[in-house]
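What follows is one chain in structure tokens, specifically the form predicted on its own.
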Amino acid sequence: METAKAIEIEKKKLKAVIFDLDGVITDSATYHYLAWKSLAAELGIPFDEQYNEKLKGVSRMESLELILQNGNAASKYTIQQKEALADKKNNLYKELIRQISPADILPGIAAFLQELKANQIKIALASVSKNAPFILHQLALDTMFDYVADAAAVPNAKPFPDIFLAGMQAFGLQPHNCIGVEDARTGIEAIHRAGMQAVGVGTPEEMEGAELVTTTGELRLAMVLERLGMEL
């Protein structure tokens, strides 16, 4: 009986928060859109903000495949040519994100990270972006994160749970002691498939299924604990 009670208490404790990057920490998604739009225009493929929504939380090569499919050009290029196109987009993106600064941290995020640090809660980044470490450096947030998942080493992109599991496993924790913060449906699904509760940053329609739906500006540790039924 005492063992069961100890397990129940353990299940309620929050020990790590695992964040997505784009749309959660900063809005670098705008730069992805501009880079993809430039490449699509060069290839003569239609691409707008509405279609760009399909790319949220999706890896670079998968994003390229979606764009090529939209232009009925998926079989037009070899694997090597596709890799070159993806590299071209990434080089443009890297040029664009050089202008990112701490002023681009989304409202409430810096304060929330400080709250987590003050309460000895581990912080991880689960982003499919291979440029995540550079962006964190530009935001002057690199020292705030205890672990940054290596997107290149993760076998399967979201909605598979791999990248969230990598963060959890880096701390030697169990799913019931971790939560994920996302702004995309694929990310929410990945968090749930990892066995964690999800905080969705966005509208209720976009974040359907998340245990807590809020905005970055409203993120507070006390609210998260209360709404998710957890404690320190």
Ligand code: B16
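Don't overthink the numbering: it's just position in the shown sequence, from 1. Since we're looking at a predicted model, the values are computed, not measured.
As for the form predicted in complex with this ligand, it is not shown, yet the points below apply to it.
Considering this ligand in the model of the complex, the lone stretch of 202-210, 171-179, 55-63, 41-49 in range is 55-63 [heavy atom distance within 4.5 Å]. Checked against this ligand in the model of the complex, the residues K130, K117, H137, K76 give one hit for a heavy atom within 4.5 Å, which is K130.
In the model of the complex, this ligand sits within 4.5 Å of a heavy atom of L21. At a distance threshold of 4.5 angstroms between non-hydrogen atoms, K89 is in contact with this ligand in the model of the complex. When contacts are judged by a 4.5 Å heavy atom cut-off, Y93 counts as touching this ligand in the model of the complex.
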